[in-house]
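Only one chain comes next, encoded as structure tokens, the form predicted on its own.
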Amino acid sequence: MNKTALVTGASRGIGREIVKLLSGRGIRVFATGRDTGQLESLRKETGCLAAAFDLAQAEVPAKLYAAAKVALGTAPDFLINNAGFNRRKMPVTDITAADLDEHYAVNLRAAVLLCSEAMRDMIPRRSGHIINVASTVVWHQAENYSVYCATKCALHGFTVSLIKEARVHGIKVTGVYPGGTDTTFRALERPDYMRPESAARMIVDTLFAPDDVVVHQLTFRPMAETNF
């Protein structure tokens, strides 16, 4: 399969496993995250292309997308906005302007700007698939996660609108809402939660649905999760 992909948040966890699965299917992948060492080990393991970028900076998404196009030799067929940020649990009384800004920058702004870049290439060729990874907090909010919930809900709202804009151009868009996953994204290990490999498999499978099918919303949880 002569396809290309750009995957954010690929240093660890679900994003890293997505890169492994795509590379195993013969997809040429440009992987990015903030950890140069982890990206280098992923490059050696999978043969993917990789470079570190900090999506918290407003000018970076456009630079990242341009770098991916150069490295891949073409615009990506698949854009997977997997990068996410959650500083810590915090009650509303502890929230600062800086907390709002840093969550918004990664969880919403970076994804929106990357979608904008990708759509400019996908519209003329009338093909492509964009995946925005949110969270089940969109459906069932949690106390002390108000800023994270708010920014992921905003990403959901953007994705629903993007679905309607993209479909008239033959472009697929999928919003993904994973439940608890045992990754370093959370402070404590949760072996009862989903393995990142399992979550990645669910996400990648949407890219290989029949041509006449699009998965608009994909929600999945670990069997052990009951907080909904």
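Owing to the predicted nature of the structure, the values given are computational and were not obtained by experimental measurement. All residue numbers refer to positions in the sequence shown, first residue = 1.
Keep in mind that the form predicted in complex with a small molecule is not shown, yet the notes after this line are about it.
Across the options 22 to 30, 50 to 58, 157 to 165, 66 to 74, residues that bring heavy atoms within 4.5 Å of the small molecule in the predicted bound form belong to 50 to 58. Across the proposed site, Arg12, Arg34 and Gly179 without exception bring a heavy atom within 4.5 Å of the small molecule in the predicted bound form.
The small molecule is not drawn, but in the predicted bound form it has no heavy atom within 4.5 Å of Ile130. Within 4.5 Å of any heavy atom of the small molecule in the predicted bound form lies no heavy atom of Val147.
In the predicted bound form, the small molecule stays beyond 4.5 Å of every heavy atom belonging to Thr174.
In the predicted bound form, the small molecule stays beyond 4.5 Å of every heavy atom belonging to Leu114.
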